[in-house]
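Form predicted on its own, single chain, as structure tokens, below.
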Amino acid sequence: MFYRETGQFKQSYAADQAVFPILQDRLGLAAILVVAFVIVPLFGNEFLLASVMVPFLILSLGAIGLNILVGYTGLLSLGSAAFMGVGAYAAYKLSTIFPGVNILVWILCSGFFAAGIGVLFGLPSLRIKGFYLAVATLAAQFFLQWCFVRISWLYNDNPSGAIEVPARTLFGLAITGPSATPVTRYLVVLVIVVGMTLLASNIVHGRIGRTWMAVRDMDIAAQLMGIRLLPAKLLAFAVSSFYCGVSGALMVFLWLGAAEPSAFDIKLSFLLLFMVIIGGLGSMIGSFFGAALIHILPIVIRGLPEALGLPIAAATVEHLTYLIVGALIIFFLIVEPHGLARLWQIAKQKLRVWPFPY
């Protein structure tokens, strides 16, 4: 009874094509933003902000970038972690060469370097697709990771081979480095993620997004309709890599504080791919659902025995975490192969007609 369209009249094409056409959806989104911007910073402790929310937002942004390529364009990629690394190393080099420029500018600009590399490795997408394209992007993953290790210029000849985040401020407030508080870093990451999510939503709901979906559904038919496949696919690679690059820069500068090349290995690429598949291909909210299931749920499971006072060894809890998360992943994929976002859509559709069954 509380989730109905009764009395909500659409008097323009813009209202009819809105991303959130129902008032309750808009109110729910506003409530989520209030919780994220006000409640969590005020009442969240350091562990919640630094170890749960910041990684969750950063991984969600990386999943959105990969979802643009895999979910909306239908191009399988296994090199997203390498593109995150390009963004991180680009932001590091720019911040050390131009220390007077605000670090947030370089974090956003690092995405353009990742986009350029993504376009370069996306050139084979015109000739190959499916598993063959996945192998090509896997080659990009290994090649770029080799560059991160062997090209010492990228990490300023640091003997440890790691990139270390310099301390930077914004309006006199430290946002990177050891003096930056978890609340500050969380709010900076939140603003960037919300803004880029809104931008991605506008892109996929516009002409460019419809072009990508046409290529995804049947590229030959899209070409017969006049869509140029190479520019469309390269644009998808560029936008996807841009988002992954910004996500990688955020991961190093506002989460880890320092990183070695192993932080951008193939495991991270598979982790992002699992988030996209479990959350829902071709869904913005599915990227957040997938990141929550993969990152937040294991933290909750690890903390449950201690919260309940159960005498279980830490190693046993770790094994149980892998078992439970893996079983839940299999369960959700069996129940709804289109991901958690589809389950969310079904639940909303049921609410729109409740208490009637149809």
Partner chain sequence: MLYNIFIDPFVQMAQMPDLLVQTLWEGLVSGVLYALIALGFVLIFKASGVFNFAQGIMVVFSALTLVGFYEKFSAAGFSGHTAAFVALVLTAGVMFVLAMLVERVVLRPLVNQPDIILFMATFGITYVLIGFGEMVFGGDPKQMIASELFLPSGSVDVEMLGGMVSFQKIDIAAAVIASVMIAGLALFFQKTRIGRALRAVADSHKAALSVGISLNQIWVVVWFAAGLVALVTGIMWGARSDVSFALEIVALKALPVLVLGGLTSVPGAIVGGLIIGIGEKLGEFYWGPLLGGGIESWFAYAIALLFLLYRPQGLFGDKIIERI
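Residue numbers count along the first chain shown, from 1. What you are looking at is a predicted structure, and each value in this text was computed from that prediction instead of being measured.
Although it is not shown, the form predicted in complex with its partner chain is what the next lines describe.
The putative spot formed by 139, 316 and 333 is fully lined by its partner chain in the predicted bound form; each residue has a non-hydrogen atom within 4.5 angstroms of it. In the predicted bound form, at least one heavy atom of residue 327 sits within 4.5 Å of its partner chain. Contact annotation for residue 124: at least one heavy atom lies within 4.5 Å of its partner chain in the predicted bound form.
Under a 4.5 angstroms non-hydrogen atom cutoff, its partner chain in the predicted bound form has residue 70 among its neighbouring residues. Among residues of the shown chain, residue 266 is one whose heavy atoms approach its partner chain to within 4.5 Å in the predicted bound form. Segments offered: 128-136, 163-171, 246-254, 183-191. Contacting its partner chain in the predicted bound form at heavy atom distances within 4.5 Å is 128-136. When its partner chain is considered in the predicted bound form, only one residue from 119, 258, 101, 221 comes within 4.5 Å through any heavy atom, namely 221.
In the predicted bound form, 142, 143, 146, 150 are the residues of 140-164 with at least one heavy atom within 4.5 Å of its partner chain, listed from first to last.
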